[in-house]
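A single chain, nothing else alongside it, follows as structure tokens in the form predicted alone.
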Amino acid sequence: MPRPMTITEKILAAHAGLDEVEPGQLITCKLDIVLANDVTAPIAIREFRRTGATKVWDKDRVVLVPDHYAPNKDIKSAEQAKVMRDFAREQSISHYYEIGCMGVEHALLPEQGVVVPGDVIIGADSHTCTYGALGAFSTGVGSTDAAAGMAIGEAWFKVPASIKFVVNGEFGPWVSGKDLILHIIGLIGVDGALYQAMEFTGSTFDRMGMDDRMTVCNMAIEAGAKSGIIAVDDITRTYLTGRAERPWVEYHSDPEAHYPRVIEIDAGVLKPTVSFPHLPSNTRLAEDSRDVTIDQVVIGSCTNGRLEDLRIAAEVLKGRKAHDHVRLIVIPATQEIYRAAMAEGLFDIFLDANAAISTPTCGPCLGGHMGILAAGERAVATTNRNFVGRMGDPTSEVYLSSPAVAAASAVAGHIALPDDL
């Protein structure tokens, strides 16, 4: 009989053709999806050609998404995108998403049903761990590993140990999945889950929607994790119905599976949380951060640019305007989200609040475009990183928050809670 295994170990064992695996074991796995974007794909394509490969292993399993500097902000970014576009056409890549039908990759792939439960997915982007919300093993890799994946459809891994996070109880007012993951990162640190899988379970997740689940898994990398994962349940299956383009396999951890650490969290005691510069782990309660004045608010990204995020922001902003000293930027994460938000009237609320609404892009999150900070400026953002110079000048500051806190802060001109308004 195979040893009791976690969900992560079961997925990796199946893709390695093994009955069982254990943490620390080196394995080679068959891949389901290989992903790259306009920053990483050109490097991967160059390395792909250096191997002597002429055809990708599967034109339907390689995904290319120009999202970081799209729409192209300058000649260099246009050339980067052109490398991707030419390669996609040459290789007849079926999952190439150009402007007008694209989105921020980690919102786009689940939305389009490209990734499904039980997959092993590598992406040349660190936040590829987002897809663990669907019960897949999904992790970021370097461009050279992505190149190898494109060529042969395989990758090697060291099997990660798993930390189990058992979260029970109901969120209080204005508390969301973003506040939960910021709390966890503040609790264990940016290397607290180094090369481990973060497995999330408990009654809180039994009620949590897919948008919040993706937010939680998206930021697993900010604790140093190899991946984040949530087992498939009825909420997942409902989300996938009519959306998934392939059949899927569900895996669940054995009750006797071994976890080096089990961390229990009472969701009922959590409060809206903010990460101060310059680490996601530098967390404080939003209620204790009202003295931080700001210049800009960004609501969007692969972390919090989904429809539910925009609905929450609109709920806070309705009937209000951004502070005279605050630039408010709203970026729906995909074209479908853009259309749905517009149809629901959310755009009217944002425009009435004097917000700028962007086409889908990663843009300001990585300091690319659509909201760069000048020296000494401060921004509240629903993004995932606040390292030095992340959104612009090295002396600027980024404060990470949920959409609710970001929207309230835009109105107040300083870090604020919706109930402050």
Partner chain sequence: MKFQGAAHKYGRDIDTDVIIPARYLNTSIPEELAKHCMEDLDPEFVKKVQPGDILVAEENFGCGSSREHAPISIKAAGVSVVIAKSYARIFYRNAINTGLPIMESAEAVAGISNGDKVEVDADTGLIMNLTTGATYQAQPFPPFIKEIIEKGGLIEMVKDKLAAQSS
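Numbering follows the first chain given and starts at 1. Quick caveat, the model's predicted, so the values are computed rather than measured.
Unshown form predicted together with its partner chain; subsequent notes refer to it.
In the model of the complex, at least one heavy atom of R385 sits within 4.5 Å of a heavy atom of its partner chain.
Under a 4.5 angstroms non-hydrogen atom cutoff, its partner chain in the model of the complex has D145 among its neighbouring residues.
When its partner chain is considered in the model of the complex, I221 lines it closely, a heavy atom lying within 4.5 Å. The shortest heavy atom separation between K226 and its partner chain in the model of the complex is within 4.5 Å.
Across the options 69-77, 249-257, 307-315, 162-170, residues that bring heavy atoms within 4.5 Å of its partner chain in the model of the complex belong to 69-77. This chain appears without its partner; in the model of the complex, the one residue of V262, I152, C101, A340 with a heavy atom within 4.5 Å of its partner chain is I152. The contact residue chosen from V141, V216, I185, V274 relative to its partner chain in the model of the complex is V141, the criterion being a non-hydrogen atom within 4.5 angstroms. Contact with its partner chain in the model of the complex, defined as a heavy atom within 4.5 Å, is made by none of G177, T236 and L421.
Applying a 4.5 Å heavy atom cutoff to its partner chain in the model of the complex picks out A124, D125, S126 from 101-128, in order along the sequence.
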